[in-house]
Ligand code: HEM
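Just the one chain here, the form predicted on its own, laid out as structure tokens.
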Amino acid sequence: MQQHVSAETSRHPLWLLAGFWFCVVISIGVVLRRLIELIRPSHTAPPEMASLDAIFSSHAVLTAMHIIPAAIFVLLSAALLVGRSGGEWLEWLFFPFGAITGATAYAMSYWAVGGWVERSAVLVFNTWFLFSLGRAYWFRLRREPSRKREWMTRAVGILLGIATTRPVMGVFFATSSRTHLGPQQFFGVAFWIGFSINASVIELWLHSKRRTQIHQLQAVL
């Protein structure tokens, strides 16, 4: 009976899986596009996009050090949280690649397109990401798999907020002719919106899942 409860409460709802894979696809797509741009810069991009590409190209090594580990971390997240691989070696890679991603994110914020508004979002959410990653590792050492998985899920949800910022930025780009806002004005706002959406959704889901587990356990007892 307890195994049945565990299986029921560990399932991911369809809407959460859809959102997760949506963010994964966007994240990997953004990384591939950025790597291609670093290796072979395009000369046909629109002016606003070209100016953004120039900013990242000005610190190409740091950009690569950030986005490559981030892409690996996202793929490891899919294998561990959705694929349920459970491989120890995957976890040994998961934590260091997450730490590298978080550390380089702080360095990347020095060239933040959106200025201090964007930097403040990075400071808040990247710190929360690294704290969650650290808590997950702590529970891993204490051999508490359910708590470890909870904090791993939280860390991944926060990190994928960078993918959620992309559609938000798309809206700003699409309406720029009306709002007259450029990337310097809306990038920081987009960061706050995107990361806030992911952080809120993952917290609400974890809270809901915890309540469901408690109710099902009470029914079993």
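Given the structure is predicted, the values throughout are model-derived calculations rather than measurements. One rule holds for the numbers: they count along the sequence shown, beginning at 1.
A second form of this protein, the form predicted together with this ligand, is not displayed here; the remarks below concern that form.
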Answer for residue 105 alone: is it within 4.5 Å of this ligand in the model of the complex, judged on heavy atom distances?
-> yes
Although this ligand is absent from this view, report whether residue 136 comes within 4.5 Å of it in the model of the complex, heavy atoms only.
-> no
With a 4.5 Å heavy atom cut-off, would you call residue 195 a contact of this ligand in the model of the complex?
-> yes
So in the model of the complex, does residue 172 come within 4.5 Å of this ligand, heavy atom to heavy atom?
-> no
Within 4.5 Å of this ligand in the model of the complex, heavy atoms considered, which of 100, 80, 112, 93?
-> 112
Using heavy atoms and a 4.5 Å cut-off, decide whether 154, 199 and 202 all contact this ligand in the model of the complex.
-> no
In sequence order, which positions of 113-148 have a non-hydrogen atom within 4.5 Å of this ligand in the model of the complex?
-> 113, 114, 118, 122, 126, 129
